[in-house]
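Taking the form predicted on its own, here's one chain by itself in structure tokens.
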Amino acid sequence: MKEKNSTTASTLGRILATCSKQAKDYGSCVASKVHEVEKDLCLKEFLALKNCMQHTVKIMSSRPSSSQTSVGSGALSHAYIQHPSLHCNIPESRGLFYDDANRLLICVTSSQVFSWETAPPFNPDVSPSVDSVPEGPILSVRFSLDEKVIAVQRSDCEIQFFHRETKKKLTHKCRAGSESILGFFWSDSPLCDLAVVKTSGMDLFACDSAMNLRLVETKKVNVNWYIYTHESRLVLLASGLQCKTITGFQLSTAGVVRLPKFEMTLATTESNSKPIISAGDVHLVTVYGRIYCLQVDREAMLLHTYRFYRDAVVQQGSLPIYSSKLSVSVVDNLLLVHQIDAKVVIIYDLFVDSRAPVSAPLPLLWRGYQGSDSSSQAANKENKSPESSTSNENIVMYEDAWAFLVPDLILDQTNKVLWRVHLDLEAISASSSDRTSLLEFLQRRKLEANKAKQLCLGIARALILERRPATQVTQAIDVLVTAYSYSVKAGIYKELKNEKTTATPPTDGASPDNERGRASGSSIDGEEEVEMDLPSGSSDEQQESQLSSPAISPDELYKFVFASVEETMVEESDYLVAIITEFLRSISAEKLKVDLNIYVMTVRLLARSKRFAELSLFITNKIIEPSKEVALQLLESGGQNLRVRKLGLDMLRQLSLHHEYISSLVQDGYYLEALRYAQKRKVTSVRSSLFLEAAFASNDMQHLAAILRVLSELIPGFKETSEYYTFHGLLNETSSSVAV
């Protein structure tokens, strides 16, 4: 019984942790009105909490138990690492390195360099590339951007270069004693190919195909430590007693740009009046094409954010931290702050002005094989070799040997595996009660665009089915329509469709990465942020990120939202019409094309609720645009109202749909009017038998005789046709029987 109560309490705790904001809002509301107890007290806040808890329970119950598939403090998470990971079980390994420029995981022995590509998804069965190097210490190793040269830092004053094809060897040394090498990196700048950072500054070298180094320029700066990411092409050099004076250079395809020197913010205390910033306290991240520097201030327990512009570095605010040890990841333009001591992840979206987290802090989890088929999972586990798997018993979350790599990788030095961090958009959606903000958030997601789109469609349907206030539904629709309009204007939505059909490879001038830079307004001119010149040879994940879009077209909104809820809301047509009217307003404001089925549905709903006067206004004022489909629906709905049917007839005539107009007149019994219209408009597509058959079916022989007479006058030789003889004979037979 105790165990059961403990499990229940643990589950409730996870639910309340996810819905902490809603619970706080509801509690605050009740506390403020404790002396005003009445029915439906704090109903809005209660429904928000109830909805959040229901969604959370649904997600928790739809997943396998944590004891089978997850490692961490509970089975609910917003971020996770997942099988398969990339393993590097090399005997006599002396260390693991990550080459972010080439996206390579590197394992070194005394005389060999093993490298694996880390482009997603990880393939544990792929064998690494192997290169031989002379024996010696290895402090750092990086491949040139064309991967023809391996550079190995042997000591703080020596770097060796090895050509992989010609086996040529080159040694570069600095002045021992007066300066030391802190590190190096390769560059795609037109000015230089290699940058060597020393305590005396930064040397820029050009390297030709024969592996000859030529010093191009030296940047004189006293350097204590540096950080660099190939994604941003930005290197930050720290100097000063507290290492808080920062000099930045961007080595992009536009050249070498020197950024303004700036001072980082540091709080002081009586016990620590001169805190020192270390390289591990500073992180370079790129989100939405903007480059940010994140700096840990342990005394103030804050994470300061700085944004880089060409001629300024601006502090953008600070985020609270709850752990003295932390690191960061960037997944799908979201900042994940790993509070390592607390063993939780806090997710921030720097796109919005608010510095509030996207969702409540939750643990980072490890997830095993995905899928509900237990037999297939068992088969997969049997096929895994001990060398290529990491047992979940061996995984210690946020252990000291973890290294967080830019932008979304975790290198586990103990188990010698590389993990990729993933987001659970479904769990994040379930923990949010503000649907409008949630839709905006999902529309900015690119990495899992299809999942984000499906979640948005589900939210839109739920808002309507739950009969939420029309203003709330309107706000949600405006978000979706505006996002679609932007994606069309930016070419993102169109590119996705073209990519599916043509599959044209990206060129240097129009690479997915460059498209991202332009779409986000990333520029080096004026007051814009530092230019992002990313390589065209991007990973599949980046291509999906740029060529996919969660935007929802008006056609999709009709098909998956309005059409799917129409039958359910037969008794509440007025509510649905109000929502569709706002949808049409939003579409008109963005000057987008409307799916004709939306207009047809509006006519059907208005006629069903007998709001014929409003329907007439919708047609007259062109709120519903004229079309053949709308006209035919008006004719069908006009069976209950002649004025509506006349609107349908007038629309057919306005659109010059002569055949349909004449057929409708004949159907209503206006044979002669239909004949005169056909004669006046010279309509030849209508068969004469249409009029004759309709008149005969009406049993009005006078009409039949009149039509025979008019057709004889209009059509030369009509009396010689089989139609004339047939219907003239029928007319005579009927007349004779009447006379008898």
Partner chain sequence: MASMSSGDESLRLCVFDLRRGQTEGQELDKILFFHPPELDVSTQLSVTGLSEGLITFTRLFSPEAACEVIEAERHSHVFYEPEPDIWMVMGMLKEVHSLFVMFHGSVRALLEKEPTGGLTRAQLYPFITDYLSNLFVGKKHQLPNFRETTLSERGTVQMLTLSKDTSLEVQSLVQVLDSCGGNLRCHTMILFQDLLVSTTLSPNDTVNLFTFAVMRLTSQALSSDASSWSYLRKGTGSSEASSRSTSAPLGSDNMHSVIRPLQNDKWTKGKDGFLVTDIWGLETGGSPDSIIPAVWLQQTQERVYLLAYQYKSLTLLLLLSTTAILNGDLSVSDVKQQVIEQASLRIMKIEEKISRGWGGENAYHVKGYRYLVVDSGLEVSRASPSGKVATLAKESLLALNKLREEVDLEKSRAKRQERDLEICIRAKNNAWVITRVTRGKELYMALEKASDTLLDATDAVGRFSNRYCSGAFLMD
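Positions refer to the first chain, counted from 1. What you see is a predicted model; the values in this text were computed from it and never measured.
If you look for the form predicted in complex with its partner chain, you will not find it shown, but the lines that follow are about it.
- Heavy atoms of every residue among 625, 646 and 670 are located within 4.5 Å of its partner chain in the predicted bound form.
- In summary, among the residues 127, 656, 471, 273, the only one with a non-hydrogen atom within 4.5 Å of its partner chain in the predicted bound form is 471.
- A single residue from the set 462, 340, 584, 405 has any heavy atom within 4.5 angstroms of its partner chain in the predicted bound form; that residue is 584.
- Among residues of the shown chain, residue 621 is one whose heavy atoms approach its partner chain to within 4.5 Å in the predicted bound form.
- At a distance threshold of 4.5 angstroms between non-hydrogen atoms, residue 186 is out of contact with its partner chain in the predicted bound form.
- With a 4.5 Å cutoff on heavy atoms, residue 614 counts as touching its partner chain in the predicted bound form.
- The closest non-hydrogen atom of residue 681 lies within 4.5 Å of its partner chain in the predicted bound form.
- Comment: 571-579 is the region of 166-174, 117-125, 438-446, 571-579 lying near its partner chain in the predicted bound form, near meaning a non-hydrogen atom within 4.5 Å.
- Contacts of stretch 583-600 with its partner chain in the predicted bound form, defined by any heavy atom lying within 4.5 Å, are made by 584, 585, 588, 591, 599, listed in sequence order.
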